[in-house]
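Quick setup: one chain, the form predicted alone, written in structure tokens, and binding and motion questions come after.
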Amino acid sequence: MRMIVDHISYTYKENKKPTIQDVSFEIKEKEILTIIGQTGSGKSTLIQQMNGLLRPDTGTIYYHGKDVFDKDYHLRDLRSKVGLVFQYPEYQLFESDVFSDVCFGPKNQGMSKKQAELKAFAALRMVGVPEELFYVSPFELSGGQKRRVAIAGVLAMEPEILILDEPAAGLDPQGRKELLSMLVKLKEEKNMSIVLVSHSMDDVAEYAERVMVLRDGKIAYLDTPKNVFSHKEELEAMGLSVPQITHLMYSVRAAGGMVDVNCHTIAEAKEAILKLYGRG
């Protein structure tokens, strides 16, 4: 396991109720774990603890077996290997041009100027930012381009775990598909573990290998997408939903078609409908 989150709890000073309550889980090598939950369920607080930005009140986090909150552990080392991309990329962009911005992380790790530039070039190419934008101000870019640059800035440090808070928010369907497909490719080519906070159940069903459902700071479910989305009524009671395909299959069942309603992707639905008509 790359990371073990061990019974952590956290309460903001202005709150009486804990935002995170006795949360434990593991991040496996080369997996995509998604975190879902209503606003206020603790998603953002949790990922900031995983990156060392917030220290839990109780419990701890182990990275490759080491307690990251131990007094002898350097959190800078953690943040170079557990990269966090915020929901709003503007929070991470501050240099005068795109290339300088992506060079910042590697330089901060102690790389030479040449090494940092090589890492930045490779990361920008990896996320599909064209060279004509390298020396443009990051604040002149579109929302999708800013997000790619913010991801490149983290990738240039060569993390083992990449955490992204709503990475596809605000993107059109094509941009969303390109970005999420890129993350799958990164996982495979760079042996990376990816943690996604997402509100899109369709994306979760399509790309996740495991899904964590947070409710009031606690883990309600942690399982495969298929098993998690089988709890349709329970999720809806939490103010969450299931993928659109699942809703469609329930409609088909209500109209008399005896299909498996526990379908969450287009591929699964296609197989179920073909089976219904004896073509599967």
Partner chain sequence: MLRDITLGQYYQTNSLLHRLDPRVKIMGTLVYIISLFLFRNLFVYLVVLGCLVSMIKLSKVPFSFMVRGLQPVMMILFLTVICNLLFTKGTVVYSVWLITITREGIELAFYMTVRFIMLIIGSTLMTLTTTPTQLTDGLESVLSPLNKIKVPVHEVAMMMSIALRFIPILMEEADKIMKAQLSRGADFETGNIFHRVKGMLPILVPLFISAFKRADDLAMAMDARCYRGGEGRSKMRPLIYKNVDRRAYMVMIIYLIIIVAVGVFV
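Bear in mind that the values here come from a model prediction, so they are computed numbers and not experimental data. Positions refer to the first chain, counted from 1. We call the rigid core whatever largest set of C-alpha positions still superposes within 1.5 Å between the two forms.
Quick note: we don't show the form predicted together with the partner chain, though the next part is all about it.
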One stretch from 111-119, 126-134, 90-98, 180-188 that, in the predicted complex, holds residues within 4.5 Å of the partner chain by heavy atom = 90-98
Proximity of M157 to the partner chain in the predicted complex, heavy atoms at 4.5 Å | yes
Considering only heavy atoms, tell me if R210 and the partner chain come within 4.5 Å of each other in the predicted complex.
-> no
Taking 4.5 angstroms as the cut-off for heavy atoms, does R76 touch the partner chain in the predicted complex?
-> yes
State yes or no: in the predicted complex, is some non-hydrogen atom of Q48 no more than 4.5 angstroms from a non-hydrogen atom of the partner chain?
-> yes
Quick one: which residues from 98-113 get a non-hydrogen atom within 4.5 Å of the partner chain in the predicted complex?
-> D101, V102, F104, G105, N108
Spell out whether the Cα of S80 moves at least 2 Å between this form and the one not shown when the two forms are superposed on their rigid core.
-> no
If you line up the core, does E90 shift 2 angstroms or more at its C-alpha between this form and the one not shown?
-> yes
So the C-alpha spacing of Y91 and T11 changes by 3 Å or more in the predicted complex; is that change toward closer or farther than shown?
-> farther
Relative Cα spacing, L179 and E90, in the predicted complex - shift of 3 Å or more | closer
